[in-house]
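Okay, so here's just one chain, in structure tokens, the form predicted on its own.
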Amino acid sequence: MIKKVNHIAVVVSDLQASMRFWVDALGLELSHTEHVASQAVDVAFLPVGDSKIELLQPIDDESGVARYLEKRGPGMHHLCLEVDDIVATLARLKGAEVQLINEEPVIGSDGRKFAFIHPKSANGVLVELYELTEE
């Protein structure tokens, strides 16, 4: 079952310059930033109610996010949906012949489980599924 929109990720070329819109003009608060070496990005987290906007700045020109930025320019990268059981959700999607990037969940450094659905199956939108784990 889908619980909520966990986050919307936006690719930017410069985190600090992007803050002029998201924080200074729009008024969102910066929760924190993280260096995510495994994805070759620096991320700024901007809470919005129970969800957040994540600004992604690639730090390696060869990374997937850098290639995305080069090809498509800055903008929405993916929509993340929080689910209660990622394994069951992936099985249901696979049974419905949805094209998956990750057929099995990936375990993040913080213990969360995530997987991506190919944009070809989601009307051109890269969709991330996300299951929080008990702490």
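Residue positions are given as counts along the sequence shown, with the first one as 1. The model shown is predicted, which means the values in this text are computed figures rather than measured ones.
Heads up, the form predicted together with a further copy of the same chain isn't pictured, but that's what we're talking about next.
- The three residues V10, I53 and G124 all sit with a heavy atom within 4.5 Å of a further copy of the same chain in the model of the complex.
- Checked against a further copy of the same chain in the model of the complex, the residues V43, V65, I86, L81 give one hit for a heavy atom within 4.5 Å, which is L81.
- Exactly one listed residue, out of L26, I107, L30, A37, brings a non-hydrogen atom to within 4.5 Å of a further copy of the same chain in the model of the complex: L26.
- By the criterion of a heavy atom within 4.5 Å, I2 is counted among the residues contacting a further copy of the same chain in the model of the complex.
- In the model of the complex, F116 stays away from a further copy of the same chain, with no heavy atom inside 4.5 Å.
- When contacts are judged by a 4.5 Å heavy atom cut-off, I101 does not count as touching a further copy of the same chain in the model of the complex.
- Contact check for I59: every heavy atom lies farther than 4.5 Å from a further copy of the same chain in the model of the complex.
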